[in-house]
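Listed next as structure tokens: two forms of one protein chain, kept apart as structure 1 and structure 2.
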Structure 1
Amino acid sequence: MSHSTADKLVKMANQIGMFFAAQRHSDAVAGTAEHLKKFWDPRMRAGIIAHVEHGGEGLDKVPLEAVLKLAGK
């Protein structure tokens, strides 16, 4: 079971994105970004932002946009 840190963050972000993508009453990207902000330690957020800056491999659409939103882009 060896995941690199980035792999793990991507997997977790995708899981979160899947939940919010299913909601019909709220914005999936905003929900995902809010969740990351409320529950992820700043280093984890920095980690996923850095991953996105390097192409964001493996990230689904909703979490990808959410991370961009977090990064202020």
Structure 2
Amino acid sequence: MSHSTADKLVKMANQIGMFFAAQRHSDAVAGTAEHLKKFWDPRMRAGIIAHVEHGGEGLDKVPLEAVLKLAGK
């Protein structure tokens, strides 16, 4: 995955996390994970999971935890 693709996925994931940020932390993580599961193409999900497996640079706490949840970790 190219650096610019990872940057775009990180930006989008952070925006989704910000949308859910007003909720309790656990609900925000669950809501973000559910959004990624429902609305992101499998290649996008695989890309963000790979990014997290390589350190997750740039991801805020809520989307980082959501991606880990999607990855089953």
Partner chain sequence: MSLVKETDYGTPASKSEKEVTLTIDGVSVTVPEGTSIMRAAMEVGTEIPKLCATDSLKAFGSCRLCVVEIDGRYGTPASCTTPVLPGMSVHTQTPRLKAIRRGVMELYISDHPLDCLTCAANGDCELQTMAGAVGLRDVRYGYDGANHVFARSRKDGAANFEWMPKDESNPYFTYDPSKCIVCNRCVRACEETQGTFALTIDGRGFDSRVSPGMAEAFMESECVSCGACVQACPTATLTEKSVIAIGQPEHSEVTTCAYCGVGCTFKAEMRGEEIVRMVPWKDGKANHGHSCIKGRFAYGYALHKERVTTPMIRDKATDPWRVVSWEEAIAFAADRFKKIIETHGKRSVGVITSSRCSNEETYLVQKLTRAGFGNNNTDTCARVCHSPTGYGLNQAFGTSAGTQDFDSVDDSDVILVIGANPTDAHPVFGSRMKKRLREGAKLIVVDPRRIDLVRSPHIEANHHLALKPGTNVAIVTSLAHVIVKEGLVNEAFVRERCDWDEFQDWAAFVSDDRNSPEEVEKLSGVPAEDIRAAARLYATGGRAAIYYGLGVTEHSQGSTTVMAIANLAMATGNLGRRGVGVNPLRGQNNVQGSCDMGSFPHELPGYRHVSNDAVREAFEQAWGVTLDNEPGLRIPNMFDAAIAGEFRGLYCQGEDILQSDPDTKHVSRALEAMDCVIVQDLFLNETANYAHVFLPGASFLEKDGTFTNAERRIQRIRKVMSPKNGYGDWEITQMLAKAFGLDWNYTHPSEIMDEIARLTPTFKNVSYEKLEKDGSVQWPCNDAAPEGMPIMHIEGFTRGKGKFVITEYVPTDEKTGPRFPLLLTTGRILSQYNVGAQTRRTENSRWHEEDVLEIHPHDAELRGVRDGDWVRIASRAGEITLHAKVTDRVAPGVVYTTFHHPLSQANVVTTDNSDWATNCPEYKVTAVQISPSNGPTEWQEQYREMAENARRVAAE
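Take the two forms, superpose them, and find the largest set of C-alpha atoms that agree within 1.5 Å; that set is the rigid core. Numbering runs along the sequence of structure 1, starting at 1. Computed from a predicted model, the values in this text were never measured in an experiment.
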Mind telling me which structure is the form predicted in complex with its partner chain? 1
Could you check whether the CA atom of Q15 moves 2 Å or more between structure 1 and structure 2, using the rigid core for the fit? no
Once the two forms are overlaid on the core, the CA atom of H25 shifts between structure 1 and structure 2, in angstrom, by 9.8
